[in-house]
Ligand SMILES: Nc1ncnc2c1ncn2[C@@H]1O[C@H](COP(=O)(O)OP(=O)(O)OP(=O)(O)O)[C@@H](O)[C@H]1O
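Presented below, as structure tokens, is a lone chain in the form predicted on its own.
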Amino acid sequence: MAYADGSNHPQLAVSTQGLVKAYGGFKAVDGLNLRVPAGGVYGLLGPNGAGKSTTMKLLLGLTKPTAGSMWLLGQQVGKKTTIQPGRVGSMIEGPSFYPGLSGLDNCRMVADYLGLPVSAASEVLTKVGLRGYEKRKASAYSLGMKQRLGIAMALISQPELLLLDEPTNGLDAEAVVEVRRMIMDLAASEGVTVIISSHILSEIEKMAPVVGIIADGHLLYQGTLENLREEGHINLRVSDPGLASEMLEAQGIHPEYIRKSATLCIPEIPDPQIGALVTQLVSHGLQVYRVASERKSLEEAFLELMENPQNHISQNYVLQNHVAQSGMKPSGLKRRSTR
């Protein structure tokens, strides 16, 4: 199928073009161009109020876009077109269930609504680790169990796409690990594409190889977390920085002199090249005191992005060759039977 940019993206589970959601003069989502590879976990990362939940509601058709286009599972969706029920599962702003009913009865209600057999309810509860707790009232579940129940209700139709809004929010450390492992296992074993939102970098880092980072409704970065960090640089401390600078310039390497530390900062270069460079400096009578390769941590890169969002709103960071960079195995966007 062709997207608005005129090209085909058979390996994308979700794509949006210029997506906008405005409430009066306030734009909760502003010009979002998402590219979500099929068959893995995609992290929607950003601070509270960034527009993550609104984006998910737009994708699900729970709210209508002010402008822009959306494609899910190879199909354009909008006012007149929707995805077949059951192909997309979701848990938005926390699990939704009837507390007076058991976990099993809650899932049976969803199964009945989707025209699925009763057995689907017990099967999905086993899948999310709630076997043995099926007949307990949902009101008596722990917070982690409630999250699992919410995910079970989203999974009961065996969806191809699963949207989870802050699924580990408020959980204790043990429950966070359990829910995280469950989400990753689902993506790996079931071939489900999972979009998971969070404001916690460390959580997304553990689950999603590809991310979209948003703030104030704008997409600031899209790609792998590894590529978010700069390539790095090398710091050289030598006995004569002036002479060393001249030698580097002659080789097409443009150093930056850091007066505070009395070091020369150059771009990251391969080990053999830096070895030859050090040998050349020494052969010209220079003493090399230190050679250090440095790179921003992921946390530093993320915080810098958040502190200067206006520098990145121009969409300089758009995911290129999505599947190749992420390393995720593509999955076919085939319709599954609703049994």
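Keep in mind the model is a prediction, meaning the values are calculated, not measured. Note that residue numbering begins at 1 and tracks the sequence as displayed.
There is also a form predicted in complex with this ligand; it is not shown, and the following applies to it.
A heavy atom within 4.5 Å of this ligand in the model of the complex is found for one listed residue only; from 69, 53, 33, 66, this is 53. When contacts are judged by a 4.5 Å heavy atom cut-off, residue 203 does not count as touching this ligand in the model of the complex. Mapping the unseen interface onto this chain, residue 49 counts among the residues with a heavy atom inside 4.5 Å of this ligand in the model of the complex. At the 4.5 Å threshold, heavy atoms of residue 58 stay clear of this ligand in the model of the complex, well away from it. Using a 4.5 angstroms limit between non-hydrogen atoms, residue 281 is distant from this ligand in the model of the complex. Contact with this ligand in the model of the complex, judged as any non-hydrogen atom within 4.5 angstroms, is confined among 285-293, 299-307, 267-275, 22-30 to 22-30. Residue 166 is the sole member of 159-178 found to place a heavy atom within 4.5 Å of this ligand in the model of the complex.
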